[in-house]
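Quick heads-up: it's one chain on its own, the form predicted alone, in structure tokens.
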């Protein structure tokens, strides 16, 4: 651990206590690792599960880790536990990572999605505001919805003009589908909690930072159905494709896989979050896109690249038919809709924090698929070969 850290102004960073809600998830686990290994900060880790941070809480060999006194796990559900306010009061900063953020749930579990991303977040914002505590709230790139360019004719040259598709925190509109397209339940809930946080800052002086992640990927992301998640679940695209590759099944391209996305490596993104934590003067009152515009591909191109990377990682040859097309209705059910393109404008985060992503798409896919294969291949092999009861 670094004994002395300085902020972007050259000032010494003082140790703080962080209440991290959702610490047991993908992003939280990587953020906990980074903070414990490289900073002097103390973490109050709040979650329902701790599987992904168990290695930080229960060291092997009976040896106590050097950070044993700097992380405490509190198992609680923020929607109905009175202990939450006490933990927020104990901390200098609260980071809220808790959310339902799996696209397959948005139109099949819209009520849970809205409650999780808006109603359940209300007490967190309220406690931070009433107790004068700083808040870093994780939102989503889905907040932008569809791009202006998606409404232009397909052959319009304006579709190539960045003004019609580049997503900027303080200028781009939030364009969602109709009410019956329940896929937008997530984005709408996230937008409303953002507006509430912003209003608390304006009217009551809440010190806040809002993070809009653009497809953060890496080891421990999401779940593999039937192995470390529900067998009937549908994870996000990277884990979905990983699951297909591990099971030697064709990758399913929803509506032809024509949607475009950018992907950023979790370790790059966590660097940005640490800068937000340790530079409050530059981060307070800001909304930050955190993504990698250089790693843009269509979902079809992503499938092709992941197939190539997986072959390199495992030595297995690709399937004769590596992908198949499927409709969004068949894959996600009624009420699904999608955004066409999500390219983050990085101007604000670069100006305020000097942050830029580094890892190219091939490298971050190789890191992720190496982890997925090492962690899940044997379990999936056993699941596939398990005899069926007669």
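Bear in mind that the values here come from a model prediction, so they are computed numbers and not experimental data. Positions refer to the first chain, counted from 1.
Note that the form predicted together with a small molecule isn't included here; everything after this is about it.
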The small molecule: the contacting residue among 101, 206, 210, 124 in the predicted bound form [heavy atom, 4.5 Å]: 101
Checked 361, 343, 53, 27 for heavy atoms within 4.5 Å of the small molecule in the predicted bound form; positive is 27
With the partner left out here, check for me: in the predicted bound form, does some heavy atom of residue 156 sit within 4.5 Å of the small molecule? no
With the partner left out here, check for me: in the predicted bound form, does some heavy atom of residue 97 sit within 4.5 Å of the small molecule? yes
Can you check whether residue 167 is within 4.5 Å of the small molecule in the predicted bound form, heavy atom basis? no
Is residue 77 part of the interface with the small molecule in the predicted bound form - any heavy atom within 4.5 Å? yes
Here the chain appears without its partner; judged in the predicted bound form, the stretch of 210-218, 127-135, 173-181, 193-201 with heavy atoms within 4.5 Å of the small molecule is 210-218
Does every residue of 247, 322 and 368 put a non-hydrogen atom within 4.5 angstroms of the small molecule in the predicted bound form? no
